[in-house]
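This document starts with one chain, in the form predicted on its own, laid out as structure tokens.
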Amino acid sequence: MKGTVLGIEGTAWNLSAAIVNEQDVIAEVSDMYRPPTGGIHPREAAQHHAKYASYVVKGVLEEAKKKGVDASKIDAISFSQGPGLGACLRTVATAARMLAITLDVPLVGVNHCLAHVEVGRWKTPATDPVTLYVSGANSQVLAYRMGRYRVFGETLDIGLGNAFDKFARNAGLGHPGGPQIEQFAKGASKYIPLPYVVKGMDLSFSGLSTAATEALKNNSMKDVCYSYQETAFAMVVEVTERALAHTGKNEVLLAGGVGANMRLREMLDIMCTERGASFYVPEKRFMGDNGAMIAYLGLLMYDSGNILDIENSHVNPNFRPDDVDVTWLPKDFEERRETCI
């Protein structure tokens, strides 16, 4: 693999630009949209991204130049093509097109979910893992099989991060909800039974969130947060364990912003230890949405010849990871892995 790629992330909250090569992240600059109250407002988030796009791009180019990498050394521009909020995606795609035209370099459209997986593989020893990807809008269990990352289980309604945020708003806690829930859970004295909704290999969190809100009427915040967290995490760990057994793989990778939760890491680590599997988590800066992951997957795709014409660079708010042909892994990737086991 060779080359230097500038990537732009902007699917929801975080607007981030990064420049990477095969060795490491050369530079990264971010600016997060923070609403005055409540959750994300797509139109306002897009306006934020439009306002600060030139700031983050200029900033990352300046930082890279200090390290000896100027604009003339950039080989391609990558951007989040989806999934995400349509208005935000369109804003970032416009910025990426303008950069590609200005620098006269190829354009690469990146699947946001797979960027989380690939940056995790890059920044940990994981080779061919089952990935539990849990963020605000997305909750999926993914694994590579026959040329694509297959979805072995996913949420049927809302992502785990958004479910935590929904509960936190109803409970009068701060945003984001996940860290607040994690802190309250540490002081709990008992577990309160809540709906455990696993349907085959899929998950549902909306009913669990509603039940947790109702439980606050007769129970302490600490006990409800603990019970909500334990139930939700047990659900995702169960589906991850099933996928591990089904695929015969021996690695688990945790990806996405919810993965910063230490109790979730502990539960996955216990499961992997019991199954004789290795458990990997990248450092926190690569867990939430970030420009480095978009730039890195862009580098992989660029190096494998997977680029876009400007006229075909439309965004896709419902872009599924299992719709992507994985051109950046060798054809005999699975055979190589099985030989090494």
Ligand code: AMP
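The first residue of the sequence shown is number 1, and the count goes up from there. Because the structure is predicted, anything quoted here is derived from the model rather than measured.
Form predicted together with adenosine monophosphate: not shown, discussed below.
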**Request:** Spell it out for me: taking adenosine monophosphate in the predicted bound form, does every residue among Gly136, Gly178 and Gly288 have a heavy atom no farther than 4.5 Å from it?
**Result:** yes
**Request:** Heavy atoms, 4.5 Å, adenosine monophosphate in the predicted bound form: which of 241-249, 219-227, 94-102, 128-136 makes the cut? Say which one.
**Result:** 128-136
**Fill in**
Partner-free chain; cross-checking adenosine monophosphate in the predicted bound form, the single residue of Glu182, Asp75, Glu154, Asp157 with a heavy atom within 4.5 Å is Glu182
**One residue of Asn111, Thr231, Asn162, Thr124 in contact with adenosine monophosphate, assessed in the predicted bound form (non-hydrogen atom, 4.5 angstroms)** = Asn162
**Request:** Flag Gly120 as yes or no: does it have a non-hydrogen atom within 4.5 angstroms of any non-hydrogen atom of adenosine monophosphate in the predicted bound form?
**Result:** no
**Message:** in the predicted bound form, does Trp13 come within 4.5 Å of adenosine monophosphate, counting heavy atoms only?
**Reply:** yes
**Prompt:** With a 4.5 Å heavy atom cut-off, would you call Gly82 a contact of adenosine monophosphate in the predicted bound form?
**Reply:** no
**Item:** 4.5 Å heavy atom contact, Ala260 to adenosine monophosphate in the predicted bound form
**Value:** yes
